[in-house]
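Shown here is one chain on its own, the form predicted on its own, set out as structure tokens.
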Amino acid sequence: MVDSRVLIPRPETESVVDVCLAELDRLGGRDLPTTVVDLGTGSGAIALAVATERVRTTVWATDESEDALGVARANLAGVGRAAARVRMVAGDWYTALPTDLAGSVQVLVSNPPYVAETAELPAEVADWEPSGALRSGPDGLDDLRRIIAGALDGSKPTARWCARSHPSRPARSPSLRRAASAKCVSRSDLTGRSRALVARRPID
């Protein structure tokens, strides 16, 4: 269920879920208890898909918008037993997470805003979806930079992170590829366009 409080999931969102699940499986997610964090969950589409597909995984879903979390919680009520493994918390990116979660997250996933402030959007998007879920600074990458910086913060390390991104920029953006010791790769969506940015710490 979606309405004007949240971004409408696109087909490309499914590709990000697939990437997240693949990274989780590389860490044994089909057989071992794991933890995934979905930053900026919006409607909850990514968080609920991951929890449903991987029955040993606990998912923390965050969003700074209480309106968005209202939609996500309504969707959570419809996923059955998987709902018991999902925690939804309000806050700005990482600030919503409990401090004792640091170091215990296997995969971080996000579909952050990535449209530049001055970019034109079609009316069916601009008139019906929240601007805060679409726009992110002069070049559209402000929130993605914050997510990367937080993921690489030694106080809350993760083994993997993956984020949906604009197909024309992040894969070749030096500011996003300077991910400390992490190895960055891009993944294509269903149309073959570079869509997800993935970083792995050098542990395998």
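None of the values given here were measured: they were computed from a predicted structure. Just count from 1 along the sequence shown to find any residue number.
If you look for the form predicted in complex with a small molecule, you will not find it shown, but the lines that follow are about it.
Using a 4.5 angstroms threshold between heavy atoms, Glu64 counts as touching the small molecule in the model of the complex. Although the partner is absent here, Gly40 is a contact residue: one of its heavy atoms lies within 4.5 angstroms of the small molecule in the model of the complex. Under a 4.5 angstroms non-hydrogen atom cutoff, the small molecule in the model of the complex has Asp92 among its neighbouring residues. Although the partner is absent here, Arg26 lies well away from the small molecule in the model of the complex, with no heavy atom inside 4.5 Å.
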